[in-house]
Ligand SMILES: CC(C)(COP(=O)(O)OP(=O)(O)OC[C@H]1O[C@@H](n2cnc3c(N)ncnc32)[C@H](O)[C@@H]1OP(=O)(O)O)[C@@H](O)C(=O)NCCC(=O)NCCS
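Single chain ahead, by itself, as structure tokens, in the form predicted on its own.
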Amino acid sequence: MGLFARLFGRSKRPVIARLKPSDADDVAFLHGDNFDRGWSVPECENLITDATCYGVGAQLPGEKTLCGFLLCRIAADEAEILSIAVARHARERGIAKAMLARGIAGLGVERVRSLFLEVEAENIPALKLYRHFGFEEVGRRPAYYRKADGSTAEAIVMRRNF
């Protein structure tokens, strides 16, 4: 990382920790800012407190709010990434990568053997991230996502075995 980035805070590493109910406001904001249909605060709180869910949040040093989150749901020995989001001002700093690494480690402790996700086929940065962690395409869902303008987008279903 260059001198400019270090001087102006881009080298600050996020603190990654398990989500807690008090993070629901931040998670709802981040989800709404990243996706066409955001989750409400009560929906986020329910997911965070659900015993079948595993979630982590990222916070940059000196900031009071989360700059990212990852939420997964566990069923038997499988899990699915429900959502992962990073605040616009915090992108391209490795935050999603750090959260996904922590999430995979935590799910491994929970004895998860396979991790699934769906990602919009045109989301190249996300596809690159998932492939970095060993996810492979296992299917496609045409017209799966509905966009704000009424159009649809294809989803790629991916899996990573532990």
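Bear in mind the structure is a predicted one, so any value in this text is a computation, not a measurement. Just count from 1 along the sequence shown to find any residue number.
One more form of this protein exists, namely the form predicted in complex with the ligand; it is left out here, but the text below deals with it.
- Comment: 115 to 123 is the region of 102 to 110, 40 to 48, 115 to 123, 53 to 61 lying near the ligand in the model of the complex, near meaning a non-hydrogen atom within 4.5 Å.
- Although the partner is absent here, T65 lies well away from the ligand in the model of the complex, with no heavy atom inside 4.5 Å.
- With a 4.5 Å cutoff on heavy atoms, R91 counts as touching the ligand in the model of the complex.
- The shortest heavy atom separation between A79 and the ligand in the model of the complex exceeds 4.5 Å.
- Heavy atoms of V27 never reach within 4.5 Å of the ligand in the model of the complex, leaving it off the interface.
- Interface residues of 16 to 49, taken as those with a heavy atom within 4.5 Å of the ligand in the model of the complex (partner not displayed): N34, F35, in sequence order.
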